[in-house]
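Taking the form predicted on its own, here's one chain by itself in structure tokens.
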């Protein structure tokens, strides 16, 4: 029987970074569901589909084939046979992913793949609705969050380090708007599962967050939570 850890939370809370580290520590397979949605978004961007044309998004997304495999211990996302890992983290792709993830047709297609992975492998998944929708019976559910200011600062520092021009206020505004969109969408909105443990990463290091969640997993196994 497989073992599953679900991590949900808003954009920029550090879900992917934390989940990858926990996967190494607990010897779980990390499934980056956000990357799967971003691969779909990348396809739509490449096809020049406007992000406000929801009917066109539903139509065109059927043409995209998305797969995940591990190469040299790293998760690789394939879009129609192409390794698209280097193209998934742009702002344009992120905005498209947030919009198209509200569509039932898009979500159903990707959720089926995610559930199949969890049925046969010990996994850790992160996203917006893993504990509430994708893996409602996960062994451990975590709701990882941080203030909008802290999340915007992280993104601002990341872009600045890359030498990309950016504006802090615009980044924070975009994060707040994305939070609202994710929390109010009709299909599988972002929310904390009733049996999830909330972890605020605002003023913790990556190591501190990882250690805290690993302890929660261990205590869950012992029946302390």
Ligand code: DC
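Owing to the predicted nature of the structure, the values given are computational and were not obtained by experimental measurement. Numbering follows the first chain given and starts at 1.
Just so you know, the form predicted in complex with the named molecule exists too; it's not on screen, but the next bit is about it.
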Candidate stretches 180 to 188, 195 to 203, 53 to 61, 158 to 166 - the one whose heavy atoms come within 4.5 Å of the named molecule in the predicted complex: 180 to 188
Distance check, residue 89 to the named molecule in the predicted complex, heavy atom within 4.5 Å: yes
Heavy atom of residue 135 within 4.5 Å of the named molecule in the predicted complex: no
Proximity of residue 145 to the named molecule in the predicted complex, heavy atoms at 4.5 Å: no
Contact test in the predicted complex: residue 124 vs the named molecule, heavy atoms, 4.5 Å: no
Residues within stretch 111 to 143 having a non-hydrogen atom within 4.5 Å of the named molecule in the predicted complex: 127, 128, 129, 130
